[in-house]
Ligand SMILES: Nc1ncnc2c1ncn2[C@@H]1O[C@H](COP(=O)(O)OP(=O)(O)O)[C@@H](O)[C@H]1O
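Single chain ahead, by itself, as structure tokens, in the form predicted on its own.
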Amino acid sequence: MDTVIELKNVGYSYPLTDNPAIQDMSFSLERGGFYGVVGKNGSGKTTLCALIRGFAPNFYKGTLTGSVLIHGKPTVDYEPGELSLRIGYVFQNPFNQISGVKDTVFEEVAFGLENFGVPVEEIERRVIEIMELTSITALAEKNPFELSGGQQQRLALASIIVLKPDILIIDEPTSQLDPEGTESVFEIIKTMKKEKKTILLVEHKVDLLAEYADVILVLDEGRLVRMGPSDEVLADERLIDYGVQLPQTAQLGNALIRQGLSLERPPVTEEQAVAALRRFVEVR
């Protein structure tokens, strides 16, 4: 497998703090994988994202121990702005990602390409293509600040995807969205998964992670306490000890197991739950 992100015994402390935000963390992520990150508030999820994209310690300063490597090269050795060509980052609040210097959605999506000196003809082609992909074509002439939360989040994704990064880091993109907005954002993420982008997604909605993520990382008090296939990790009731809820299907599966249903492991997706219930009916 092709390792694209690797942490080796990483610790990190913000300036003027006594306790480290990340402690002795080691793992590797492979090209094309979809990785979900879970943990209670303050567990280190956003700091982990900042480390991988090079903002810590380069921008936030603080103290870094160990090594964070992107394509085998330490993040601290990259030139300023160099990582932004390799890693796309989507903020939790899309309002923070809108530049504020462009009057239309079309111009906002094109902004990053302009900064990197992409030829005008290619900018137009790529912007149109990405706006269609993210279902914001009808919003092309709208002011970015006039959009709904879900529309702004799709715009934020479009403005990153248009740059064609190999790695996408997405920090709780649905935390402020209703179910419809959440579904529209995950449709875009699903498309990126099909395109074999390496995706690191921080998300509290574990039912969605169960459907999409290949591997789950569980953080607690700045440590990586569990990492493994999503259907194994998200079925484990011990996650509750780390402040992480199980998918509803896993909760149902664990309850059925306690009632005597023979299951290899609790289901974590709707498809797995339906199959398990059918077996239960057949047995009865």
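Treat the numbers as computed from the prediction; the structure is a model and nothing was measured. One rule holds for the numbers: they count along the sequence shown, beginning at 1.
Omitted from view is the form predicted in complex with this ligand, to which the following refers.
Looking at residue 238, you'd find every heavy atom of it more than 4.5 angstroms from this ligand in the model of the complex. Put simply, residue 259 is far from this ligand in the model of the complex: not one heavy atom of it is within 4.5 Å.
Contact annotation for residue 249: none of its heavy atoms lies within 4.5 Å of this ligand in the model of the complex. Proximity of residue 42 to this ligand in the model of the complex: non-hydrogen atoms within 4.5 Å are present. Comparing 240-248, 227-235, 46-54, 61-69 against this ligand in the model of the complex, the single stretch with non-hydrogen atoms within 4.5 angstroms of it is 46-54. At a distance of at most 4.5 angstroms from this ligand in the model of the complex, all three residues 14, 17 and 21 contribute at least one non-hydrogen atom.
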